[in-house]
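What follows is one chain in structure tokens, specifically the form predicted on its own.
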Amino acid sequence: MADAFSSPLREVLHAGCPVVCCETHEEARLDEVVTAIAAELGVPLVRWSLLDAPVGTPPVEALAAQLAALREGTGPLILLLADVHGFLTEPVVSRAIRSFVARAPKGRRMILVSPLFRVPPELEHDVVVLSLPLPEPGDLAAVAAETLASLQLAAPADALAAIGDALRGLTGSEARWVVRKAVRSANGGLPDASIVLREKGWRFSQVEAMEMVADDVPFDRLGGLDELKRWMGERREAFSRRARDFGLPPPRGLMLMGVQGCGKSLAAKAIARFWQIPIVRLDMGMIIGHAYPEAVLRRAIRIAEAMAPVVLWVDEIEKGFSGENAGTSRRLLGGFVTWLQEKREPVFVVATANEVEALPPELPRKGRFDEIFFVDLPNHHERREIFEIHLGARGRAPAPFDLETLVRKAEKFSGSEIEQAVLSALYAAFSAGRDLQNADLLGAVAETVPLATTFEDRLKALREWARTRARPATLDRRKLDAFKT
């Protein structure tokens, strides 16, 4: 089987592409691959970085001179360049690259390596950009075995395989650091996969625009949304080998749209817990604000695919594609929806949205997601369930309280507003030096003005939009008519 890391580069070099930009953090790994390819082609390999620039020479001038030497030389050669991604927009550098492409001597190739690339428009048709994949679980297991051996530890094959799975989404160097940190967390002993996964979250916190979500949210903490729960239950083993043998493709994803504070984000976390797979949050707002937005998005997708199966949670997705920079937003949207449509790895995308009118029409189109669910305000039975969940989570049995009255008084409350009412009542009781009473809850509910009252017209428009475009996340469709008068 071909190596997914080296094969794309080998193919374009054998095809004669003169300039290749390789997006990867693993410079040492790429160096090994390029060395092997140069040996296959029987050509010399020259490495150059800013450390090789003559002392006192401005970096742009040193780089331009190196490119000119490559263009004007004779004989086959591969030049591996590092540290040049920040200079591609310099006129003298872009002109040198274009001149090399136009007049490249036969057998001469240039490989640029960087974690991120922003190719200027004048070079878009002259270079090939390859986003090289992260290590496979088997490679990471080998890294873990080597690292453990250096610490005089050994793990059985099944434990190493589990650790390799837990390390998905990391580079080889990051995997070594995480394994070492996991050993320290295990008091110098052999860590299991759960410790490795926890320590990976520490490393992931330093990845731009991505965050491993550690919240442990069981489905029984999610009030209502029975239709969504039923849909998820049917697909509980969708990522298993048994499902693949049955002929089922892995589910692609969900879009959850609807009223703010009604459990969309909580549902995303609960899905990951229910399916027993990790969840990663993607911050589209941070991507759009980055100097290299397209490159950051490609890297995020590459990490998610390396971690698969995984839940990729894109919160408030409409804000990510409606920024001030319309051109950047459109390019990001094009790349994202193409990936949604074409992805082959089991990355389950959960996109949440509050303002459906801001959604680009390409995004909710059929084929991007398996289903689009509308999450409305909780109905009578759901409000009761939510009160019970939040009282129980704070050590109070629901039975002594007049839940029927509370549920009736809390009409038009969202789930988060019910939670805040319970917390306000607990603060009132604590301040009074006594335990929680029914009057505290009724008082907190009476003092709350729900968003459904403040933004009633917007909610009506949202429900009307959802009536023909989305599937209700709850079994009780009568809620959709709650505001019709």
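Please read all numbers here as calculations on a predicted model, not as lab measurements. Don't overthink the numbering: it's just position in the shown sequence, from 1.
What follows is about the form predicted together with a small molecule, which we do not show.
At a distance threshold of 4.5 angstroms between non-hydrogen atoms, Ser416 is in contact with the small molecule in the model of the complex.
At the 4.5 Å threshold, heavy atoms of Ile386 reach the small molecule in the model of the complex. Shown alone here, Arg221 lies within 4.5 Å of the small molecule in the model of the complex, counting heavy atoms only. With a 4.5 Å cutoff on heavy atoms, Lys264 counts as touching the small molecule in the model of the complex. Checking Gln260, Thr147, Ser94, Ser329 against the small molecule in the model of the complex, a heavy atom within 4.5 Å turns up for just one residue: Gln260.
Just one of Asn354, Thr171, Asn379, Ser114 comes within 4.5 Å of the small molecule in the model of the complex, counting any heavy atom, and that one is Asn354. Only one of 264 to 272, 240 to 248, 399 to 407, 127 to 135 places residue heavy atoms within 4.5 angstroms of the small molecule in the model of the complex, namely 264 to 272.
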